[in-house]
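The chain that follows stands alone, in the form predicted alone, written as structure tokens.
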């Protein structure tokens, strides 16, 4: 499990300087002013808890960094958090309590897109901005869109299109057979649908031979795996993540799946770290914010590793980015008010640890790439962990993998 860390004063100064420089100067910090509260309702228990815990750490560290440099508009920032147990009703209850009882001025999280869909209407009801840094269903910014919602993570369309684009290049125009494997809820269904649609758009000649949708956090998926093995696909697109993907990989190895089928899945650094020497060499991985591939993260990575002996996950990176985005909006608006912050962020270009990120005005989607690569057979010499073969790295640009504004508007009906 990855642990929280506090950046050094030198690194912190450089990160917060970007936020301060882009907004007009707010009021000077005042000792008489109380803190403002932000909330993180996310999954902190169960098979996908690592994602929520890492995200919470990213939020807490960003806030610690902000407070170390005077806070925002003269106020220190306080974080309250709660476990949603990957349950929509619990997530919605957490958010309502954070807004009404803790007086949260912004909400961050969660992991599950189903939970996010339950929380998003509350942001509109109470006019409090909500920032999705892990959940990424396209419908959060489509059918469910509210001006108070922001998504700083690649959405399900972007992720699946990036994987499809990579597969199109791998297939070289030849007919292929594929299967899909995904968790049985909106994220899984939408990601698979987006992947298959992208293959068609890219004119990939494929035959779909199997589709399986095991429950989220299922401990035994042998019945689902046996059907995939029997179908003998050349490629398997897997939309699982976190602990579920670790479970899949270990059980699939027992079936000899990786020797027969090229697997495409979210083999990010936490999953690869958990698998260690069992990481499936030559599998195709995709990642929303790989620490080893994003220019400009070098100092951030070194500070993290020096303090905790581990490299940062994308969940921590994206969560930190989400807080930076909110802080930029506050500084630019000279206000913590939801209407003012939301208006300040729509169409804005925000300086973050991963570079400048534009928040597209039509849907508040961050214009960022999705990364794809091949799992290496041995540890990376720079980081001492099995990651991706550097020569295989592909950064799919936002302009080619996301829906256009017109397409997003069509989703809203």
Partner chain sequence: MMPTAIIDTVGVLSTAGALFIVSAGLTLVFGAMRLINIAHGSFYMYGAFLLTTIAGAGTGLRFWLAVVAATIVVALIGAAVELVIMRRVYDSEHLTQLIATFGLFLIFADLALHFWGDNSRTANPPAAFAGQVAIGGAVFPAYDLVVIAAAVAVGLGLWVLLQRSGLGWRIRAAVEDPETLQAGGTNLPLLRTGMFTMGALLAGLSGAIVAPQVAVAPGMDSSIVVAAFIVAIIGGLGSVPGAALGALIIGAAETIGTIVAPTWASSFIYLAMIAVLVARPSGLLGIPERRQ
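Note that the structure is predicted; figures quoted are calculated from it, not measured. We call the rigid core the largest set of C-alpha positions that still match within 1.5 Å between the two forms. Residue numbers count along the first chain shown, from 1.
Below, we refer to the form predicted together with its partner chain, which is not included among the displayed structures.
Chemist: Is its partner chain close enough to 182, 407 and 411 in the model of the complex that each of the three has a heavy atom within 4.5 Å of it?
Modeler: No, the candidate spot makes no contact with its partner chain.
Chemist: Name the residue from 353, 368, 49, 386 that puts a heavy atom within 4.5 Å of its partner chain in the model of the complex.
Modeler: So the residue touching its partner chain in the model of the complex, by this definition, is 49.
Chemist: Considering 202, 210, 293, 275, which brings a non-hydrogen atom within 4.5 Å of its partner chain in the model of the complex?
Modeler: The option sitting close enough to the partner is 275.
Chemist: Considering non-hydrogen atoms and a 4.5 Å limit, does its partner chain approach residue 253 in the model of the complex?
Modeler: Heavy-atom contact with its partner chain at 4.5 Å: present for residue 253.
Chemist: Closest heavy atom of residue 175 to its partner chain in the model of the complex, within 4.5 Å or not?
Modeler: So residue 175 does not count as contacting its partner chain.
Chemist: Is residue 219 close enough to touch its partner chain in the model of the complex, meaning at least one heavy atom pair within 4.5 Å?
Modeler: Taking the distances in the model of the complex, the answer for residue 219 is yes, it comes within 4.5 Å of its partner chain.
Chemist: So, residue 375 and its partner chain: in the model of the complex, are they within 4.5 Å at any heavy atom pair?
Modeler: The answer is no: residue 375 has no heavy atom within 4.5 Å of its partner chain.
Chemist: Specify the contacting stretch among 335 to 343, 255 to 263, 321 to 329, 67 to 75, defined as having any heavy atom within 4.5 Å of its partner chain in the model of the complex.
Modeler: One stretch meets the cut-off, namely 255 to 263.
Chemist: Classify residue 254 as shifted (yes) or not shifted (no) between this form and the one not shown, where shifted means its C-alpha moves by 2 Å or more with the rigid core superposed.
Modeler: True for residue 254: a C-alpha shift of 2 Å or more.
Chemist: Quick check on residue 212: with the core superposed, does its CA move 2 angstroms or more between this form and the one not shown?
Modeler: Indeed, residue 212 is displaced by 2 Å or more.
Chemist: Using the core for the fit, does the CA position of residue 185 change by 2 Å or more between this form and the one not shown?
Modeler: Superposed on the core, residue 185 moves its C-alpha 2 Å or more between this form and the one not shown.
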